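Take a look at this single chain, the form predicted alone, given in structure tokens.
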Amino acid sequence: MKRSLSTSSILLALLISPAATAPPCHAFDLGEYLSINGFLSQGYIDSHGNNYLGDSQDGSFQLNEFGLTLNSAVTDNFRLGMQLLSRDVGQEGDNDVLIDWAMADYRWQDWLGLRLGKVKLPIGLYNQGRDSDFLRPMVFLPQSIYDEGKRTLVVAAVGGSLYGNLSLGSSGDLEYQAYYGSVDFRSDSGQARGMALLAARIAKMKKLGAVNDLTADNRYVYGGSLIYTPPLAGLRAGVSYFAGESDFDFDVGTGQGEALGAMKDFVVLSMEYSLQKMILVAEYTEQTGDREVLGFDVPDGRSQGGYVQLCYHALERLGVSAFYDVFYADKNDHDGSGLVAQGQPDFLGWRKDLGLGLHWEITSQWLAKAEYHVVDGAALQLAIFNPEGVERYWNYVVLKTSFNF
């Protein structure tokens, strides 16, 4: 459900909110207890063969973000914070100003802390920092794990989380997080549009007419993560889990109200090894979905994906990155033969993305990125952006600049 910002929601967030991460060194310090920082970015995307995230085949500047973060250290153990975010990424966002996260954070001991409010979700190694260009080497994180179409479902939840760091002595450290809450489902999100497309397909099959006025309501999400840091410098490994259930209501041409239910869970295994000039990352995921539409059971089966990424700082402020990212809609049907049996192209069953990028830290506050992707396959709901059909082989270029303050 789309929720734009109101004065009352801002005041409420300021009263109950909080700091998920420490502000960068460029934050404005307003007195002893309050700091303000933020970022703004503008990008350009041009694709060939398929539209991606919007109407990108003719080139699109619908790739911008603006974030404003307030942090307050009330005491040594208690922090408040919130972030307002405006974004326009293709068909999603439309530059609405939303509360991206807002938390009250109390850390009793190193091994136990509590966050309440709209808390960021620890999925993989990078989901909690996915809004900041300065925290990732490329414009888009690998989509097998960090699918832009699912961002509103997995970025943050209204509820609470427990977290802490357990010292294992000479064996290293173990960081944990566990959360429970509910999420806002924007009607323009890739997940909601994908559900609308599925409902329309089944309604057509049953000759019920057009699907109208789809709305989404999340019942709950829960999950957690463990990140182990061994004695070997630069190495960390983790596992994270997410589960959620949502309802989608809509009308069909017959005028009767119908409901669509969806349940999804996934697990992510992660590893990162960093040296002085190089970072090597590998993550792997399996996901399960189960949906019921107009009385028709639509099990998703078990999907599978993962990537390997290498980032190297050739110069102090210039880095190069490369990744190979693979996603299979059905881990037991890599060649898409099941889709062919349903009269659909086999390449809807996979997405293989080879990405190459440059990132240049022009100053400590100003960043520019350029990258090129060659893609084989059309999984991950690419059909949403290409209603007239999709191509198997396609590519896209992304340019983006960001400024932190």
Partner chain sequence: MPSRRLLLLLLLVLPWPAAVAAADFVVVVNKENPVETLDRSEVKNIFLGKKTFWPNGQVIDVILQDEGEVHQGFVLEILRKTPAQFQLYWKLALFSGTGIPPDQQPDSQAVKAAIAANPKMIGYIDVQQLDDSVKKIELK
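From a predicted model like this one, the values you see are computed outputs, not experimental measurements. Residue numbers count along the first chain shown, from 1.
If you look for the form predicted in complex with its partner chain, you will not find it shown, but the lines that follow are about it.
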Stretch from 271-279, 212-220, 321-329, 241-249 whose residues place a heavy atom within 4.5 Å of its partner chain in the predicted complex: 271-279
Arg107 within 4.5 Å of its partner chain in the predicted complex, heavy atoms: yes
Contact flag, Leu226 vs its partner chain in the predicted complex, heavy atom cut 4.5 Å: no
Non-hydrogen atom contact Phe39 with its partner chain in the predicted complex at 4.5 angstroms: yes
Its partner chain contact in the predicted complex: Asn165, any heavy atom under 4.5 Å: yes
Contact residue in the predicted complex, from Ser144, Thr152, Asn71, Gln287 (heavy atom within 4.5 Å of its partner chain): Asn71
Listed residue (Ala192, Met103, Val183, Ala262) with a non-hydrogen atom within 4.5 angstroms of its partner chain in the predicted complex: Met103
Asn50, Ala341 and Phe347 each touching its partner chain in the predicted complex (heavy atom, 4.5 Å): no
Residues from 331-347 in contact with its partner chain (non-hydrogen atom within 4.5 Å) in the predicted complex: none
